[in-house]
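Two forms, one chain: they're shown below as structure tokens, one block per form, named structure 1 and structure 2.
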Structure 1
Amino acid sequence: MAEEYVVIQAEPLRAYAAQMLEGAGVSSERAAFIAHTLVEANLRGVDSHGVQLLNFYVEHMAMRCMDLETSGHVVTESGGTMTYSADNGIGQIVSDVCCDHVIRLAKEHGVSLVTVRDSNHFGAAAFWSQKIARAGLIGVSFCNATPLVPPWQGKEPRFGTNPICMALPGAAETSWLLDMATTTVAMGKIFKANFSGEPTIPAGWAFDSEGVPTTDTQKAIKGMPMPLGGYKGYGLAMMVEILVAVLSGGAMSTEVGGVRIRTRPMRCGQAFIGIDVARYMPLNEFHARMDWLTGNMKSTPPSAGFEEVLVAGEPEWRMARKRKVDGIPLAKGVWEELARTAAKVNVKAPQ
């Protein structure tokens, strides 16, 4: 049976999300910004990192597991490098500040790296890489997260989905943009299947609690997502952990909490890199070279069953253009869960 959806335009969805965050105690300015970051993910079709996260954020805030007012502080700064303490602040607020530092330092030194400790969930990594890219830089972002993923050949979780994201400077909605978890899918997709009442998920997404591959949604919820490409995904996840946790002096592996662990602060780590393209070549030359490379990929004859070859970011840009006109479809189960969360903070769902 086809899944039912509620379709809503981006602007009222942003307002609804902001009201929920204000109801949870977030200032109006911060609430509006966080809501914007979440709806941007929905527009791009990355619903696992869109407004459905409010179900976890609001509960986490209600448990007083994060500081809603701090913006964190600089621990050390040297050349193009910085260590930043989030002081348990809201992930999006801290990330916005840190990306400003990355841009400033990259413009001064050519390349910059800001690594962050004691932070909280920052939404979709793409938002932050794009913010850096809009300043004419190559933007890279990473984070660790709630330990839900086993190391290769293990059956107990040790890592989060630990995403890797890179964005290039260029015109909005056309630039190459890679945003990927180091698991087969983000855990949010499994939670979306659960919210939507889907009994099964595709093969290759998850293990059950014993480390056995499963397609049962409920077993997957109680189990673990699969590393991307087996031992290769495990290696990438550990690489991210080194950059965001070992290097920052923050919580590592099983020391990290999460939006689904309400007994302690999340304490996740993040890292942001800025590379000033103009230090290597004029931006217009860089764009011309990227156009050639992209065109070379897309000129490849498609294999059987496919109509064209795509590049990273292209499906999401197409989805964004469509959803800005047609509205954002949210699975009925997700919408109902949002309504229940909103009711807890005395916010009414829009009609």
Structure 2
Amino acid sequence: MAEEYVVIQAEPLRAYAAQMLEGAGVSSERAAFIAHTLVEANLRGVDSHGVQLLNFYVEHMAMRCMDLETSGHVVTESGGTMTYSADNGIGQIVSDVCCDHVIRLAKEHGVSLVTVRDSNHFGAAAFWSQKIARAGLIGVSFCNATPLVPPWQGKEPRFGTNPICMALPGAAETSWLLDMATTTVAMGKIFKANFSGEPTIPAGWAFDSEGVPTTDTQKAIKGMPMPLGGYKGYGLAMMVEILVAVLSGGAMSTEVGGVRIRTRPMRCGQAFIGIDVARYMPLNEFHARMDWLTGNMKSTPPSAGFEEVLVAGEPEWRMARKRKVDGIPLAKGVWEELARTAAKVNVKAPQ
């Protein structure tokens, strides 16, 4: 069964998203910025972190589950380190401020690490690593999230998909960009297999509800995503949890709420790292070295069944070039759900 799509250009999609956010009570300046971050994810083809998040955000915001006005505050700043409290502010607004801090501190001290507590969902991590990278730094970002993933050998969720994301500065910006959940695949891929009527999913994607690895789509839907490669993904998720939650003094593991939970603040954590490349070598030299390295990857003879070797970020840049011209295809189901969300805040979907 072919999926139906509504195709919309980035600009009207941004305007629509901003209207919905304003309808939920967000100031117009903030709404425009948040809409921009979401549509950037759609342009890159990362639709799970694009405007479909508004179905969660808008209701959360309209019910004042988060503080729409605050920008949070600095708890401590010392050398290249900072603890920041988001004060239950909007994840994107707070992350924007914190990335400015991480940039300033890395320029002053060479390396910086800002850890953030009591925050909300910040969208795609790539947006923030790229913001840091555009200031001439290697930008790294992490976050924790609603517990969905069990520790290895366990059968109850203790972690979010706790992503690891790194972006590169200067002309190296488009040579490589890593943004990966520490699960084998995002839960969205399992939902998609279900939606498409696939009876099975590949081994290594999911557990059933008892924590037993399964390839049965129906069992996986009721189960949990698997940490990347088993115990190693569990270790990476814990590494992220330590940097964003233990170190920030914020909510850890099962203390974190969620975008579907209305009874308590989400309280997720984020961490941002900046590394001032120019202190190691001139940026153009760094770029030339990255060119050599990605060239060395891309010239690797492809294995059977593949036509080329890619580097991280490449599929998304290709997609962005295409979608900037052709527009963004949103699944009809997503579009209709967005329209229902919009209606709740008295916004009309564009034609």
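Every value quoted in this text rests on a predicted model; they were computed, and no experiment measured them. Between two forms, the rigid core is defined as the largest C-alpha subset superposing within 1.5 Å. Along the sequence of structure 1, residues get numbers from 1 upward.
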Matching the form predicted together with a further copy of the same chain against both blocks gives structure 2
How far the smaller rigid part rotates between structure 1 and structure 2, stated in whole degrees, is 21
After superposing on the rigid core, the Cα of Ser209 moves between structure 1 and structure 2 by an amount in angstrom of 2.8
Shift of the Cα of Lys219 between structure 1 and structure 2 with the rigid core overlaid, in Å, rounds to 5.3
